[in-house]
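Okay, here we've got a single chain as C-alpha cells, the form predicted on its own, with questions on binding and movement later.
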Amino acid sequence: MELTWDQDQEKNLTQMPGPKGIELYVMGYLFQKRPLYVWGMMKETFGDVIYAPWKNRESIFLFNPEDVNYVLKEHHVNFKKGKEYEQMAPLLGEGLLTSEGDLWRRQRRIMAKEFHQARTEQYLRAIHESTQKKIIEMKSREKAFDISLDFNALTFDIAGKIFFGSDLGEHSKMAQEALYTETERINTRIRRIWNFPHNFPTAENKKGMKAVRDLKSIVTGILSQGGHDQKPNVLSKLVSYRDESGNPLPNNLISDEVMTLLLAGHETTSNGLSWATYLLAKNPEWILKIKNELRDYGKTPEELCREDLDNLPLLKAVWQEALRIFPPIPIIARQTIKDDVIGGYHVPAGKSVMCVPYVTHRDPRFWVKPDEFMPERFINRVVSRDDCTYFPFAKGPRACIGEDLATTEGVLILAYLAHYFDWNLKKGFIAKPTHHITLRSENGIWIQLNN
C-alpha cells in the first residue's frame, strides 16, 4: 500500500516532541548507562511519540499501544528489523532473528511448523526430564544462591534436547559465558556513537571474537550430530528439509538457525523465570496461592501436560504478570522502509523506530497500580493479538515464534518450583534490572530455599 499525505496537515519529524540541545546530550549520556530509566523519563517528559536525534542513532520512541500496533502489526510491511540487529550479524548471521525479505519469509514458514502447539506437546518430555534433574540438584542447597544461573543452565539443557536432540550440559558453562561476553559487546556497540569494525583488533573485539569462535565450535559439534536423535527435534527437520525443487537448506543457514535457537531459545525463558521467582519471593502469599492451586488440581508437576497448564489460571497469571513488569525483550527496534506517518508525524524512510514494552507495560493509563505485582489482573483478561498494552513477545508477523513454547516451559518449571519449595530473597538483596539485549538482573537473583 503506497501512502500519501497532505504536507500541510502532517507534521514534520523535527516538530515531534523530544529532547533538544543540551538536554539531548544529557539524555544520550544517561542512555549509555541507564537506558531503562531514560525511556521512562522521556515518556514522562515528552509524551507518547518522541524524536531523539542522537548522532549515532536518530531514534523515534513509541509508547502508545495504537502506534505500537501500527508499526508491529497493522502496517508491518513498511518496517524491517532495526539497525541494531546489524550488530548481531557476527553471532547470528542470517538466522530467523536477523534475516529480512524473502529469506526471512521462507525461514519463518519452515520454522513455524516446529513451534505450533501440537509440537510443543511433544517437547514436554524434555522439559520434564531436565526440570526433574534440576529439582533434585537444588534440594541439596543449604545456602543462598543465584537461581538465575540455574535457570540459564536448565533452559539451555532443555533447548539442546528440544532443538537439537542433544544433551548440551557439558557445553552449558562455556556457552553461557560466551553468550554473555558477545551480547555485552553487541549492546555496547548499539549505544556507542562510533565503532571500530567488528574484526578490528581492539581488546573488546578480541574478547568478542573469541566468544563467537567458542559458540561456533559448539554449533559445529551440534551440526556434526545432525539432530539424528529419535526424539522429535528442530535440527533434524532443518537437515531433512527440501524445497519445491528438492534443494536442501544451505549449511550456512542451518548453522545460523542453530546459533539463533541457542541464544533466543533459552535466554528469554530463563530471564522470565528469574524475574517470576524474584517477584514471588517479594510476594510470598502468591507462592501459597499457586501451591494451593496445584494441590486442588490433584496432579503433581510430573503428571502435568500442556492442556493441564491451561487449567491452572493462577500459575499462568504469575508468569504473565512477571513478563509485564520485566519483559524479557524490553525494547523492540524497527526501521522504516519507505516514508510513513506515525502518530500524525511524517517519518522518512530509514529511521529507527523503537517500541518499548518496558514502559508501555507500566503505563497507569492501561494498568491499575502498574508497579505492583498483581497477577490477578490476568485471571479474566484475554490478551488479544491486537492488544499492544501487553506485548512481551512482540506482535504481528515477526512476533516471537517460540511464545507458546516459552510460556509452556516457564509455567511448568514454576509449577515444579512451587510444588517442592518455599523460598525467600537473600537478606538485603535487591535486584538491579539491566538492559543487556534481554532484560537481566545485573546482580543475579539471590534466594534461600526452604524445603
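Start at 1 with the first residue shown and count on from there. From a predicted model like this one, the values you see are computed outputs, not experimental measurements.
Omitted from view is the form predicted in complex with a small molecule, to which the following refers.
- Note that among 362-370, 108-116, 139-147, 176-184, the stretch whose heavy atoms approach the small molecule to within 4.5 Å in the predicted bound form is 108-116.
- Although the partner is absent from the chain shown here, none of G93, H171 and V212 has a heavy atom within 4.5 Å of the small molecule in the predicted bound form.
- Just one of T268, Q320, T277, S130 comes within 4.5 Å of the small molecule in the predicted bound form, counting any heavy atom, and that one is T268.
- Contact annotation: of the candidates V68, L417, I60, L405, the single residue with a non-hydrogen atom within 4.5 angstroms of the small molecule in the predicted bound form is L405.
- Taking the partner from elsewhere, F393 is found to have a heavy atom lying within 4.5 Å of the small molecule in the predicted bound form.
- Within 4.5 Å of some heavy atom of the small molecule in the predicted bound form lies at least one heavy atom of T260.
- Heavy atoms of K43 never reach within 4.5 Å of the small molecule in the predicted bound form, leaving it off the interface.
- Contact check for W104: a heavy atom falls within 4.5 Å of the small molecule in the predicted bound form.
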